[in-house]
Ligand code: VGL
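Let's start with one chain on its own, the form predicted alone, as structure tokens.
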């Protein structure tokens, strides 16, 4: 069985959000077109406490974009975003959330970030997503969302590592591109891990 996994289609990652991804809202119609084609749809949701360790505001003297050590893991610092129970953490209003069967929340531990929908960045804790998918017989995943070079990349690499067949919808992703070319490098990493990267029009 094949499931659709929507990564972090939340307000704070949209062009009007606290951590804007350029053209991020353009992926919402792609998601809505795909949702009815799947019997199982999962959405991941960044769900940070207000004092999350990935926020530059928590570390005096730092700025977004700085890199620190957070619990033994290299961590890019970000503006405050996707804080629990705030509008920024909500899914984009245009997303057909009624077609989503399950939401997995990540980044809830202030001591470690969680780019992947499967594991925290230190890989000491998982989100329960793999078990959820396996219990429902999902063997293949179609993945899209925000942002290509961080949460989508990490989710895809983990999905491949866990043995799922993975297809990435290229036009259903947009990147941060802190460094020029980060998104293209992320797609290359996904392909190297075994994922197929295609436009939505080629999904059969």
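Positions refer to the first chain, counted from 1. Bear in mind the structure is a predicted one, so any value in this text is a computation, not a measurement.
The form predicted together with pyrazine-2-carboxylic acid (VGL) exists for this protein as well; it is not shown, and the discussion that follows is about that form.
- For the chain shown alone, residue 118 is not a contact residue for pyrazine-2-carboxylic acid (VGL) in the predicted bound form, no non-hydrogen atom being within 4.5 angstroms.
- Contact check for residue 27: every heavy atom lies farther than 4.5 Å from pyrazine-2-carboxylic acid (VGL) in the predicted bound form.
- Among heavy atoms of residue 141, none comes within 4.5 Å of pyrazine-2-carboxylic acid (VGL) in the predicted bound form.
- In the predicted bound form, residue 19 approaches pyrazine-2-carboxylic acid (VGL) with a heavy atom inside 4.5 Å.
- For the candidate spot formed by 13, 78 and 151, every residue has a non-hydrogen atom within 4.5 angstroms of pyrazine-2-carboxylic acid (VGL) in the predicted bound form.
- The chain is drawn here without pyrazine-2-carboxylic acid (VGL); in the predicted bound form, the stretch among 60-68, 27-35, 45-53, 131-139 whose residues come within 4.5 Å of it by any heavy atom is 45-53.
- None of 147, 41, 157, 169 but one reaches within 4.5 angstroms of pyrazine-2-carboxylic acid (VGL) in the predicted bound form through a heavy atom, and that residue is 147.
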